[in-house]
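As a starting point, one isolated chain is supplied in structure tokens, in the form predicted alone.
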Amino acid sequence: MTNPDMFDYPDLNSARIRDEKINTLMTAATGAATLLAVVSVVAFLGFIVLLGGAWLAEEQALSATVGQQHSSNFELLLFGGRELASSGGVLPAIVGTVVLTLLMAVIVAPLGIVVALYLTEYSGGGWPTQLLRIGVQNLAAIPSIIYGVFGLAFFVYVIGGRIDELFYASNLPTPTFGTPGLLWASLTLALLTLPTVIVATEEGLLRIPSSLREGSRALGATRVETIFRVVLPAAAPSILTGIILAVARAAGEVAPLMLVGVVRYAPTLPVSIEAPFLQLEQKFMHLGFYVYDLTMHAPGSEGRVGIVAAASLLLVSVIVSLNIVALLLRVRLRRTYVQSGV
């Protein structure tokens, strides 16, 4: 007969106490990290609000003394004061940032969805799929400036140069599309943020129960109809999550844009009320580059800090506004499909 004393039984009480202590420490560490992050964000926003507001008030007072009274501080920042007069204020930079980000989202969303659909619905999980996933992961790890170099070499010189040869030969040697512009900047940022959209969309597709697909096919729907009428609508919140993350990253990128189209001052906006409405070949202004340029070239150390703080606050506001719109749309879609039982 086996002797029970030969076996080493763990002390379940001690194990439970140890697990509780570990959970308590993890909870405390998570809370401390969250609190630190929140305090840092609040401190940063408060810093730029105070400095930017102080600079706007000072600039408003100085403008009034020389007969250039503005109706509001916001108008002063938009259309320019003493230091901003040479670039016309930040309104062109706001328009350029919004147009670039929206165009990038329109380009990257279908590309990311198509790749994610292939990985989850068609690939079969063989070595080509694993190779593609490794490629996506490597794309996410590449520094953003490398995307700018690639965009300049491939999009601008190769594709843009070829377009000029085929359709704008009469304008050569002055390039039309063979020069940095809005279209090439949008494509470069779309390539930069593509891994984010692919991963978020793939995770959303994998969460959808197989029973939904099987039920749709049992009712007579084809595979394509199932994907477009059942799978993609149910995964829409996750797809929007990926687009939100892509927009947040793209709106703040500066390094690649310096090579593919952003300028310190653009005489006209990239959009107009006349056809074709969107000037894809035109250079543009961007709030991120505007902040960089002000940091490097604004006169005087005190004035420089105020100007940079005001422009930074606008950049954060634009990014937050774009994210809020996407978040509201995602919440609405999620509620729709939760109520329908998906």
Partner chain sequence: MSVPRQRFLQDFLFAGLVRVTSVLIGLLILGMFIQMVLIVRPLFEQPSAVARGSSAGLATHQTESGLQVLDDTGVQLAVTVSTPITLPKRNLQLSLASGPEGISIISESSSATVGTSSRRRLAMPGDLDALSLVTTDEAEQQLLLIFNSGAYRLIKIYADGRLQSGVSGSLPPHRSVLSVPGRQSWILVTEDTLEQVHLRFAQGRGELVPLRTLAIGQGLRHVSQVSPSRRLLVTTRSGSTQLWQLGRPEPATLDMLGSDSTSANWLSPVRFRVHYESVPARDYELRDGVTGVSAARLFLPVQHEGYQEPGYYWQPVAASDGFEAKLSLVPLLIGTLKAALVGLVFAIPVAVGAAVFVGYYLPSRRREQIKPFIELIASFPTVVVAGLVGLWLAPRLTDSLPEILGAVLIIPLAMMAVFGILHRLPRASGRIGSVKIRPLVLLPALVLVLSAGAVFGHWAEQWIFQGSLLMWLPTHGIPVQQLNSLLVGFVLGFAIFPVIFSLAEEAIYEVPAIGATGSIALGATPWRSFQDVVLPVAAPGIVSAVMLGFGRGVGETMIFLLLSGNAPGSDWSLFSGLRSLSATLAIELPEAAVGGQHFQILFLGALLLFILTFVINTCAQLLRQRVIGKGRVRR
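Numbering follows the first chain given and starts at 1. From a predicted model like this one, the values you see are computed outputs, not experimental measurements.
If you look for the form predicted together with the partner chain, you will not find it shown, but the lines that follow are about it.
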{"query": "Contact segment among 169-177, 207-215, 93-101, 147-155, judged by heavy atoms lying within 4.5 Å of the partner chain in the predicted bound form", "finding": "147-155"}
{"query": "Contact residue in the predicted bound form, chosen from V230, I163, L269, L132 - any heavy atom within 4.5 Å of the partner chain", "finding": "L132"}
{"query": "Interface membership of V114, the partner chain in the predicted bound form, 4.5 Å heavy atom rule", "finding": "yes"}
{"query": "Touches the partner chain in the predicted bound form: Y118 (any heavy atom, 4.5 Å)", "finding": "yes"}
{"query": "E203, heavy atom within 4.5 angstroms of the partner chain in the predicted bound form", "finding": "no"}
{"query": "4.5 Å heavy atom contact, I319 to the partner chain in the predicted bound form", "finding": "yes"}
{"query": "Contact set, 243-269 vs the partner chain in the predicted bound form - heavy atom within 4.5 angstroms", "finding": "G252, V254, A255, M258, L259"}
{"query": "Change in CA distance between V106 and V325 in the predicted bound form, which is 3 Å or more, as closer or farther", "finding": "farther"}
{"query": "Distance trend in the predicted bound form - C-alpha atoms of L206 and V325, change of 3 Å or more", "finding": "closer"}
